[in-house]
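Listed next as structure tokens is one chain, alone, in the form predicted on its own.
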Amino acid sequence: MRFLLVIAALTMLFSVALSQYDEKHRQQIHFSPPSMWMNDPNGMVYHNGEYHLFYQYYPKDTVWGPMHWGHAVSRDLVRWENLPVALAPDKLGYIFSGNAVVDVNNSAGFKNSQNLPLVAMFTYHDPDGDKAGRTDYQYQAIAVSNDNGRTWSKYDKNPVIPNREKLRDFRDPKVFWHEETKRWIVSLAVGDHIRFYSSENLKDWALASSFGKGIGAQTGVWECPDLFPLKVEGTNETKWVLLVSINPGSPLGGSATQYFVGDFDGKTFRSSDPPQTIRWLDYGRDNYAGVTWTNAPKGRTIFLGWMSNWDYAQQVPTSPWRSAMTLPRDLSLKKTPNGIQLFQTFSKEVDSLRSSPMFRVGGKTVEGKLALGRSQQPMADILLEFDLSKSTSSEFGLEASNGAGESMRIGYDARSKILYTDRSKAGKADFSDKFVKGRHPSSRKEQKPLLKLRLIFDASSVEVIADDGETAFTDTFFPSEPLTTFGLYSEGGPARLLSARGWRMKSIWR
């Protein structure tokens, strides 16, 4: 009898856990916490076979509040196990964004077990100082874990980078080990620029240099920097990439992420582009505050972003949770006619979520509309290839729709030579007058004869990778019923489809 009661209790707990991911609009292949508010990804580190994802989290409401670090782990980058809160506010303030590293050489002296210590660096935000009108209410601190990230102890001599200059925006540290100088480097967002500090032990930091004043997009506050090296494909050249999120500052409104390509010598970062150059990571409206995993295996550089926009993040019609993360993307650098650019592709682990084929079509001329297939679930992975040299259409693309007449379009406008996403008819939008602002365009600067698209749909989002990774879009939408019918459209003439393949996808929560 006791055994049966235990089984019944476990079954009930399992059912409750699954029901947390059954709500309307709930993402099925993207990470989201079981409930309540989430924003920036934090502390992303790979250690002992696990990808750690920490994130900005408020466990008491579905709007932003006193920030904690939520925590989840994965062994395959796509299926996640939720863990207890890792870091909670204390007398020094809320726990804002930051990252974590494996202190392989025990440089900080925190090792007290067989495990290598994980050290997290984060921003303390003093809400009382903020309300009082002070400008020194943000400063940097560290915490340590000796049990693979399950429990954390804050350093008793925090802060490690105090805010002596009383800088109003002084936050979001991203730490890495610079092998050439044998020092830790931290990138820190300071209002309208990035500062770099160096340290031998993660405790004592010295200012090395700054970058960014008068450079790139400057219409908002710079946040969430990330500096990392990448080899330029097909060469022996290594360049450094600096990601900088900005809010506001997106060309479409609200928050977005820009990047710079240049050189870093252990002290100073120099961009290879003219100061006025702006390169956007993503041309949709819902990819922000993204950074890369520290210590990723096999030399990979893996990116994850917060899938929302500060213009409306706290108003989107979801409950009892708000926000999800993007799918993981592998980053690379390639030479193009427009200079060295950052390319991104969905990480190979995403392919494991494909279940059954949905359609396979080749060699078709699209005039008007062409049905492709239907999925019982709102998740789909679609590959498309068009021959532009044999297309006279003014615009064409893919449309995801439902029985309520709602639709999401991803297309190409041949007249203006832009890729675009259009969510103006994709469902509920009255929660914010900033949510729908027409099409989200991206210029195809190099006019290739072939157009390649990979689109991954979830219950309330689409992520698009175009031209083998040169361009990306991330957009959310909130239909009254799932968009499960997929087809192609062409206006103003025929479009030549070379191939179209689609797969249904499996939920990561079942």
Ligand code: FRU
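Note that residue numbering begins at 1 and tracks the sequence as displayed. Source: prediction; values computed, not measured.
Below, we turn to the form predicted in complex with beta-D-fructofuranose, even though it does not appear here.
Asks: Looking at heavy atoms inside 4.5 Å, which stretch does beta-D-fructofuranose contact in the predicted complex, given the options 37 to 45, 474 to 482, 461 to 469, 447 to 455?
Replies: Going by heavy atoms within 4.5 Å, the stretch is 37 to 45.
Asks: Looking at 187, 323, 257, 97 here, can you tell me which has any non-hydrogen atom within 4.5 angstroms of beta-D-fructofuranose in the predicted complex?
Replies: Selected option: 97.
Asks: Consider the chain as shown here, without its partner, and state which of 174, 285, 171, 423 has a heavy atom within 4.5 Å of beta-D-fructofuranose in the predicted complex.
Replies: The residue in contact is 171.
Asks: Taking the shortest heavy atom distance, is residue 241 within 4.5 Å of beta-D-fructofuranose in the predicted complex?
Replies: Because no heavy atom of residue 241 falls inside 4.5 Å of beta-D-fructofuranose in the predicted complex, the answer is no.
Asks: With a 4.5 Å heavy atom cut-off, would you call residue 56 a contact of beta-D-fructofuranose in the predicted complex?
Replies: Yes - in the predicted complex, heavy atoms of residue 56 and beta-D-fructofuranose come within 4.5 Å of each other.
Asks: Can any non-hydrogen atom of residue 29 be found within 4.5 angstroms of beta-D-fructofuranose in the predicted complex?
Replies: No, residue 29 sits far enough from beta-D-fructofuranose in the predicted complex that none of its heavy atoms falls within 4.5 Å.
Asks: In the predicted complex, does residue 223 have a heavy atom within 4.5 Å of beta-D-fructofuranose?
Replies: Answer yes; at least one heavy atom of residue 223 falls within 4.5 Å of beta-D-fructofuranose in the predicted complex.
Asks: Across 45 to 77, which residues bring a heavy atom to within 4.5 Å of beta-D-fructofuranose in the predicted complex?
Replies: Those in contact are 56, 64, 67.
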